[in-house]
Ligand code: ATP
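Okay, here we've got a single chain as structure tokens, the form predicted alone, with questions on binding and movement later.
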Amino acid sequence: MTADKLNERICLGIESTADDFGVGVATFNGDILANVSNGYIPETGGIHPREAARHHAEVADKVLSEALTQAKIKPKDVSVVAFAQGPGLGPCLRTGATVARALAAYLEVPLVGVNHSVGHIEIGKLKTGAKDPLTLYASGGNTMVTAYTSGRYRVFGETLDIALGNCLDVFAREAGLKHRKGLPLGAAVEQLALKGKRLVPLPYVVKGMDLSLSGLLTAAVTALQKGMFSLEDVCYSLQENAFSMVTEVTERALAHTEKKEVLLTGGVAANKRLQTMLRVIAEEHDASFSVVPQSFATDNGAMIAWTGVLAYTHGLTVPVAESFVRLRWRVDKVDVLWVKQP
């Protein structure tokens, strides 16, 4: 089915901020026609930016072709090309940006730079129907509580060091857990935590509206290495402490903003225990609770495509010559013209 038959304009979005290279296709009325990604898995340790960028360059053609096939469109049907302009890892961002620029120039269509964090919020709103939520965005690279006010998504609390997803991933690697097909490291920790019964003494660090996770991570690894506690008990205790910290910050922000919706988005959103904790505090404040669908929780091209639609329809485009990546582009520095103050 072509774009003409759909009677819709189409945005193609490219995500490449970290370990995933994704391409999404969205219509201007919010239908997601395709969402394809290919992830880089390091042989050892965490993400190696240059190796990840090399992976992205190698799979770009394949992912792009698969997304167009899934969407049942041809390149000429694309009206706008959007790309994740930041924040993220420099080599990875630049690889995605290069692909997006080449496409936009070849197709002679506008180019839109999208803030990765805003993308996570907007895909969460689109897929859950949330209108004006307080959002906990928790992933491998970010942990923050945001809400819209005065033209931007303002940060009401965030990690002072490492992100929640990174905390879980690093612990998993230190514990010798391996990536399995369809099972991220954080999910492996979650499964083991379900078997834990003993609460291991670990740090709990909330500073005002912010939190710190590095000390918790170090203590959990140390507890495991000493051999005094089972892996299941340490996983259980790590989750309970980390999730309680982010839930406390979220609840404080909810009380302050008096929002009537709570949205959980980002890669860690798939964790059932975190969902349960947030659902409880939402109910206690008479707010509804929603979670981004799992297929849109991790980094994906669809969120870039949809946010690209929102930006483009409100006049936000970027000339190819000025489409530099922005490694430290904070969410509260982005004008979100498409959101209206309730």
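Given the structure is predicted, the values throughout are model-derived calculations rather than measurements. One rule holds for the numbers: they count along the sequence shown, beginning at 1.
We do not show the form predicted in complex with the named molecule, though everything after this point is about it.
Student: For the interface check, one of 61-69, 313-321, 296-304, 34-42 should have non-hydrogen atoms within 4.5 Å of the named molecule in the model of the complex; which one?
Tutor: Selected range: 296-304.
Student: Among Y236, F171, Y137, Y153, which has any heavy atom within 4.5 Å of the named molecule in the model of the complex?
Tutor: Only one listed residue qualifies here, and that residue is Y137.
Student: May I ask you to choose, among P133, G267, G96, G113, the residue with a heavy atom within 4.5 Å of the named molecule in the model of the complex?
Tutor: When the named molecule is considered in the model of the complex, the option within 4.5 Å is G267.
Student: G124 near the named molecule in the model of the complex, any heavy atom under 4.5 Å?
Tutor: No - in the model of the complex, heavy atoms of G124 and the named molecule never come within 4.5 Å of each other.
Student: Whether E251 contacts the named molecule in the model of the complex should be assessed with a 4.5 Å heavy atom distance threshold; does it?
Tutor: Although the named molecule is absent here, E251 would stay clear of it in the model of the complex, with no heavy atoms inside 4.5 Å.
Student: Does A187 make contact with the named molecule in the model of the complex, using a 4.5 Å heavy atom cut-off?
Tutor: Yes, A187 is a contact residue.
Student: Heavy atom to heavy atom, is Q85 within 4.5 Å of the named molecule in the model of the complex?
Tutor: Flag for Q85 set to no.
Student: Between 136-166 and the named molecule in the model of the complex, list the residues on our side with a heavy atom within 4.5 Å.
Tutor: Y137, S139, G140, G141, N142, G165, N166, in sequence order.
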